[in-house]
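For reference, the chain that follows is the form predicted alone, supplied as structure tokens.
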Amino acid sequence: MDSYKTFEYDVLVIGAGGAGLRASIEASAAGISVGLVCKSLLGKAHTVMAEGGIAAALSNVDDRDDWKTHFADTMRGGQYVNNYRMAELHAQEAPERVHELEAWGAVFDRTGDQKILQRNFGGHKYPRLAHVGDRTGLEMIRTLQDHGIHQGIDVHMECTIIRLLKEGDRVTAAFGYDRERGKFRLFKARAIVLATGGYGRAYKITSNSWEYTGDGHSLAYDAGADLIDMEYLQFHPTGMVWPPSVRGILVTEGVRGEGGVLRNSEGNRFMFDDIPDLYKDQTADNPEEGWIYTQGDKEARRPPELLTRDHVARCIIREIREGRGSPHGGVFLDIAWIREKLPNAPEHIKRKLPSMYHQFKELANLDITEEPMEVGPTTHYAMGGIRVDGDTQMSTVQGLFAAGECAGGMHGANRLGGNSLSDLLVFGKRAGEYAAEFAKENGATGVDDSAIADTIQWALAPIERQEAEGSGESPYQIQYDLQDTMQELVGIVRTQEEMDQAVEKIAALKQRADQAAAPGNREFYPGWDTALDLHNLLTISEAVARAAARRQESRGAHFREDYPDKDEEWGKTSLVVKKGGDGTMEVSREPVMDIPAELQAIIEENR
């Protein structure tokens, strides 16, 4: 059997984004040993791409805001299929987590009286997003890393985990390899926290970076954990569409939060054509006159461009399909129009949106202070994920916790912008806290040597195959075909026939992946990395396709062209994905948790 190096911790955290770092900090504060494994380099986590801000009811810009309104907004955005307990805890604890981040050195934009400044964002009733220009995620990661390095956390960079090992019903270890040298690593732990993000790389057009291959989702599923809400995948309305080399790169909602408007090729602001009844009372009749650039809008009036992301994305697709799109298959996002209202508009835009200004200047040779941007929907965020307890973040497998994007339930059918960063802080902290508690209460366990041997054999198989002998094909081609399948058949607008086709194609791709060949040296070998990532991508793609085919209604980010309306009975149902006894994937219906009367009253008060 190939040799491997062993490490042992009380708590092992897999993933070094906002949730993983916050979990590591909290677990370490309990006085136990903590290991942190990340697939890329420390500081390269996808959290840095979250630009708009952190949603928290600080009430610094509008004193009417409070956790109850934030909770109600989150539930409405999620179409009321959220895990209500997670939404409640998130709204209650987000302000404390933001102030904690500030105490650790985070630098936020400020109001005139030096409070943390907050901006408007889609689906939020009041200005709620604490921000640092359009670089909020970067500042969060910087702060958490600077604070975390003093906590005695062992960090293992450029290490990919390929399997979780169990003893009975309890997780006991994680097995992976060093991406630089290809050497295997065994991490024994009393508790494990998954904080691996999403799976956007299953799609052709995505804002997600290369690491987002559904690792945590797949690891948990293979270990016997439940997945929930996998049909709900958010397509952010605004990604770059031109030039082709940068297609899908995120254009932050902060552009619209600062006054950017969407127009079609005819120059019309098409978002006025389709405003849901729930939001009509929040929309100004003439936002070009009513928009207030100071953050003091006491009427909470807002333009229709700040409706929820699922709705805006579908409206953009409608314009493109009906022939009113931009030259390169998108629509126009215009922030330059505010020059008519603000004499210092170019400086204002550069100060508020520095990353967007430089992104378009360098990648598209376009000055956003003078010209509109071309944008279109891009695969962005997974609402579905590992099923966890709302308080502790423990999965259905003993000793296995999850936080952040790889955990499901918090956002329901659609996540509101800005809720992702506060989600990372709130539930990263809770996952670390309860993982440490579990580790203290439960002793060390053994690791099955035969399971390690099987894992090594599986991992080395692609290297040992020879493509030239016809025993396999390039893993890159298989990944490309999967991305094409998911983009075309399980995208923004879905039908039964297309999703059934997707399930069949994914089954065929799995057979091809089982024979993928990546012959060569294990050191610095992206081909081998891709061959191993395929298992995760295919597992999660099947879960998404099967769950989406099962839900016969349209709700939030899940839109069925053949079932375009919401269904009351489906609104009482969650779909749970689990691994059957024979290894096949099972999708079952379970009732959504009943919302307690006191929380239901809060929702009714804020409709």
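Each residue number is its position in the shown sequence, starting from 1. Treat the numbers as computed from the prediction; the structure is a model and nothing was measured.
Separately, the form predicted together with a small molecule exists; it is not shown, and the next lines address it.
Q: Do heavy atoms from each of 9, 173 and 435 fall within 4.5 Å of the small molecule in the predicted complex?
A: Not a single residue of the candidate spot has a heavy atom within 4.5 Å of the small molecule in the predicted complex.
Q: So in the predicted complex, does residue 23 come within 4.5 Å of the small molecule, heavy atom to heavy atom?
A: Contact with the small molecule, no.
Q: Taking the small molecule as it sits in the predicted complex, is residue 118 in contact with it (heavy atom to heavy atom, 4.5 Å or less)?
A: Flag for residue 118 set to no.
Q: Can you tell me if residue 421 lies within 4.5 angstroms of the small molecule in the predicted complex, counting non-hydrogen atoms only?
A: Answer yes; at least one heavy atom of residue 421 falls within 4.5 Å of the small molecule in the predicted complex.
Q: Residue 82: heavy atom within 4.5 Å of the small molecule in the predicted complex?
A: No - in the predicted complex, heavy atoms of residue 82 and the small molecule never come within 4.5 Å of each other.
Q: Tell me, please, which stretch of 567-575, 62-70, 43-51, 552-560 lies within 4.5 angstroms of the small molecule in the predicted complex when heavy atoms are compared?
A: This holds for exactly one stretch, 43-51.
Q: Sort through 485, 396, 264, 160 and report the residue having a heavy atom within 4.5 Å of the small molecule in the predicted complex.
A: Checked against the cut-off, the match is 160.
Q: Which one of 530, 207, 326, 369 is close to the small molecule in the predicted complex, taking close to mean a heavy atom within 4.5 Å?
A: Of 530, 207, 326, 369, the residue with a heavy atom within 4.5 Å of the small molecule in the predicted complex is 207.
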